[in-house]
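Only one chain is given next, in structure tokens, and it is the form predicted on its own.
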């Protein structure tokens, strides 16, 4: 037994440093899981195993471009193609669309909470702002307060409203940020929680004296998107919209993370007094975090409204804000891969795994295979199981599933660069002057 364990350990060590072996094993795994889902027609396990290939891809030592290429192949081609052979195709794509929506929202909240250290419990308000921004104009509702134009607008305007929804949500993010600049910790959480509830209540009561949101009845029959004459009505079509916006969100967040503003967010998170003493403008830095984070949520709110074709205030409760915050905490605050994993796990658990488990146990109970007391029925215990799983994650992975890591630079390589020392020193001095000119404002 010990000999077998040592053999496996030596094999694992060899694969760990061999990119070719990792690529072959990963390719084989993707091929097997794709064929399993394709041939089975409906298999939740095969679907989840295929998605797990993206997690394995993250831990390989393949090049960045290679990873992006393999991920694109799995998400754009293999997953939709293999899932399309069964009756559960649209349900799989529905899960994939919701994963994309929640991952983008969690990445937006990660900017506010994970990078800038500003605890926000009302983040779903920006999601609601984006959803209602499109819904009001994509239904006849806008005709109640606008005397010009023809409503509802056509589905071609959906693509413009993605940008408009993000912009309007960013404005609301700034409006939230201005009054809470001097509030920290628990008080910040209370203020943002109140902001989220205020937005929901306003939408719930904005049906008088002028009917703008139709109040608690919500807005229905929202115009679906159109592109080149094609109407987007099925989850398999919205899947690609959510995927494109998600890729854009990941690209922007990764670029911002190690940029000048990203380093300023981290400095404010660690100690805002020390950050201010180093010349970081606290007002601008915090408002930028609120605005950028809110914009991603607003864009996905537009997609959500178009996909559901119905929105009402009950879709934007405090529970949704807590759920998005838990996604960030579960994955690892400040970690982009961790937040993606945390949001994906929570969405899949909620939307598919626990639902399928509940249906399976109910079927066994109906067939008298097992007897389940009414108090312990799967439908009632679903939220309990979900909470228990989160508690286990929190106990054994308190820093998150994939904790944030700072980049490690090779000091010797930086010192022995190809640029002559004189020119390098001159460039550094110019860079320092630019940064000092940009940040030397101590007003907050």
Partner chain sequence: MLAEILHTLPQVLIDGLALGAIYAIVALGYTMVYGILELINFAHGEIFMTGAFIGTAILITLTGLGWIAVMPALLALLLVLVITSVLTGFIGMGIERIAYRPLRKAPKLITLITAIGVSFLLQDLVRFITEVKRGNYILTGPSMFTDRVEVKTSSVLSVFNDASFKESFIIVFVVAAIMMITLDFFINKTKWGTAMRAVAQDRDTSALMGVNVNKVIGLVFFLGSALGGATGVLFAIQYGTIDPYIGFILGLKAFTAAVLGGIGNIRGAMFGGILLGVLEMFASANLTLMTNGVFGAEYKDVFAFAILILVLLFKPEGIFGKVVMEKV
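Numbering follows the first chain given and starts at 1. Please read all numbers here as calculations on a predicted model, not as lab measurements.
Missing here is the form predicted together with the partner chain; even so, the following discussion is about that form.
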If we test each of 171, 349, 244, 202 for a heavy atom within 4.5 Å of the partner chain in the model of the complex, the one that passes is 202
Within 4.5 Å of the partner chain in the model of the complex, heavy atoms considered, which of 164, 198, 71, 142? 198
Examine residue 63 and determine whether its closest non-hydrogen atom to the partner chain in the model of the complex is within 4.5 angstroms. no
Tell me, yes or no, whether residue 179 is in contact with the partner chain in the model of the complex, where a contact means a heavy atom of each within 4.5 Å. yes
Contact flag, residue 186 vs the partner chain in the model of the complex, heavy atom cut 4.5 Å: yes
Residue 118 versus the partner chain, in the model of the complex: is there a non-hydrogen atom within 4.5 Å? yes
Looking at the partner chain in the model of the complex, is some heavy atom of each of 191, 329 and 380 within 4.5 Å of it? yes
Which among 202-210, 357-365, 228-236, 125-133 is in contact with the partner chain in the model of the complex, heavy atoms within 4.5 angstroms? 202-210
If you look in the model of the complex, which residues in 316-338 sit within 4.5 Å of the partner chain (heavy atoms)? 318, 319, 322, 325, 329, 333
Work out whether the Cα atoms of residue 297 and residue 389 come closer together or move farther apart in the model of the complex than they are in this form, the change being 3 angstroms or more. closer
Say whether the C-alpha atoms of residue 123 and residue 389 sit closer together or farther apart in the model of the complex than in the form shown here, given that their separation changes by 3 Å or more. closer
